[in-house]
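Two separate entries follow, structure 1 and structure 2, each one form of the same protein chain as structure tokens.
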Structure 1
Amino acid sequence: MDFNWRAWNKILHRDIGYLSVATVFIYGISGLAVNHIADWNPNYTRQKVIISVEPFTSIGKEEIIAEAKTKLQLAEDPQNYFRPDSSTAQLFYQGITYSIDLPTGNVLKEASPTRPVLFEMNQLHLNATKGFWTYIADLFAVALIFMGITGLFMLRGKTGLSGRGKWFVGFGVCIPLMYWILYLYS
């Protein structure tokens, strides 16, 4: 029996395409988000609240923490404590930071919750987790190359690669090539 490479080309393109749809969406959406990282934070939202309490009178670490817990009605001890300068004390809780201006009693409460779904997509897209995802991302990259190649041979005739396809492929090659040449010499 003759080996029908076009039929296999179609089968593999279709099934690997199905398998890759979710990852294509993740990389595509995250790509849009992180492309504009200079203009916005694609991972976190920043929440800031100013709370005004009476000026702090304590000096030592334990006393400042105790005074802050009373004034800010915090039930638990902070995870950590830091003095960035002589007038500021910072109290760190899980996901929340209190920066206290001791002489005035002005407290900046900050939280940076993640943007749901988008954060996870960005972590996968940028391979922030490293580990096993590196291999999955490699497989996905190979799958994309494979789909690019098999996609070229999906159709025959006027709409195939030998017809109008070659012009589109040519334009597709020219776009990054021309951009790079202009970038180098402009």
Structure 2
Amino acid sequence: MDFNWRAWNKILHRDIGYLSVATVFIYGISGLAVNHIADWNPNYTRQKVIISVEPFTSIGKEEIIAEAKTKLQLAEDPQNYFRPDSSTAQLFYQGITYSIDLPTGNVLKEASPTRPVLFEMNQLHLNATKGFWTYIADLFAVALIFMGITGLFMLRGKTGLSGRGKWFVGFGVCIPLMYWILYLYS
């Protein structure tokens, strides 16, 4: 009985591809997001809201905090407090900053909530969680290498590697090589 390596190649390529498809989407979407990190923050949105309340009459730290909690309906004390100048007080909460213009009562509320789903994808892609995910990411990397190699031998003849496939593989190798050479010598 002969070992049919081509049949096993197709079976393993197909099944490992099915197992990997969700992770391929996660890494692909996250890769697009983090590649453009200079243009936007793929993990957090930036929200700014102006709130108008009555002008503040207090001048001491504890009094300003108490007055702000009442006027802004805040349940707890801030994690930090700062006075950048005599007419401004800043209250810092988890993910939210209130900048209060004391004489006018105008408050700039700035928040940075996470982008749903994309934040989690980026955490997986960048292996921010470390731990067990490192092993999953390593297995995924091995699966990608395996699928790349087995994909070379999926087709035969003029559409396979010995035919037009060799030109695509050659061009595919040239793209990162040319970029690398240009990057090094420019």
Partner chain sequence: MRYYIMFLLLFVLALNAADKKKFGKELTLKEKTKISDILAAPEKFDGTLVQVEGAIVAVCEHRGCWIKISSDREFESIRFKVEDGVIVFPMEIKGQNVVAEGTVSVKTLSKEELIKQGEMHAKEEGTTFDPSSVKGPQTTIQLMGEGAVVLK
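For numbering, take structure 1's sequence and count from 1. The term rigid core refers to the maximal set of C-alpha atoms that superpose within 1.5 Å between the two forms. All values derive from a computational prediction rather than experimental measurement.
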(request) Determine, for this pair of isolated chain forms, which one is the form predicted in complex with its partner chain. (result) 1
(message) I want to confirm the hinge position. Given the rigid-body rotation between the two structures, which of 87, 31, 111, 146 is it?
(response) 111
(request) Treating the chain as two rigid parts, state the angle between the two structures by which the smaller one turns with respect to the larger, in whole degrees. (result) 20
(request) Can you read me the CA shift for residue 102 between the two structures, rigid core superposed, in Å? (result) 5.5
